[in-house]
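Shown below, as structure tokens, is a lone chain in the form predicted on its own; questions about how it binds or moves come after it.
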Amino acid sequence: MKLTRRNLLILSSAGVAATAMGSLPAFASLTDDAIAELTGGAALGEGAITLTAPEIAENGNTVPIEVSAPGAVAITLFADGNPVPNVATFTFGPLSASRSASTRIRLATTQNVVAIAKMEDGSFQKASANVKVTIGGCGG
């Protein structure tokens, strides 16, 4: 290959692009880090929390999510494919009649939605659902 100004420009641009791609964060690890920060590294149980989400969301701008955890003090929702994985936190007082919430969230791509519930005894429960998104809702 003859080293011309054009070839040098192409090679240097490819090198800069490859370097920049290596520094992008992995969204799943952001979610794992956020969950570890929330739980303080405590073990996560399963079964005491119910997460209802559609299997397929036609539009990622408004994806309906319902979560219920009897005996929960707080429930936090994460979307592991979004640039900012922490989606919502619902806090329940001692006189809350129902420990459930429903909302609509934005999802960038097909991804897992994870719900973490902090229970009254200090333990944590986890539920997750995979949502296939046909049209992303987080920019683009």
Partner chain sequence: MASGVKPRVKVPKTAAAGEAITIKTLISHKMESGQRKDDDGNVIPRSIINRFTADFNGQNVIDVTLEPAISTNPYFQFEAIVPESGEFKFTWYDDDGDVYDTSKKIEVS
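Residue numbers count along the first chain shown, from 1. Since we're looking at a predicted model, the values are computed, not measured.
Omitted here: the form predicted in complex with its partner chain. The next part is about that form.
Heavy atoms of T109 never reach within 4.5 Å of its partner chain in the predicted bound form, leaving it off the interface. Shown alone here, P83 lies within 4.5 Å of its partner chain in the predicted bound form, counting heavy atoms only. Contact check for T52: no non-hydrogen atom falls within 4.5 Å of its partner chain in the predicted bound form. By the criterion of a heavy atom within 4.5 Å, V87 is counted among the residues contacting its partner chain in the predicted bound form. Residues of 92 to 119 that come within 4.5 Å of its partner chain in the predicted bound form, judged by any heavy atom, are F92, G93, P94, L95, S96, A97, S98, S100, A101, S102, T103, R104, I105, R106 in sequence order.
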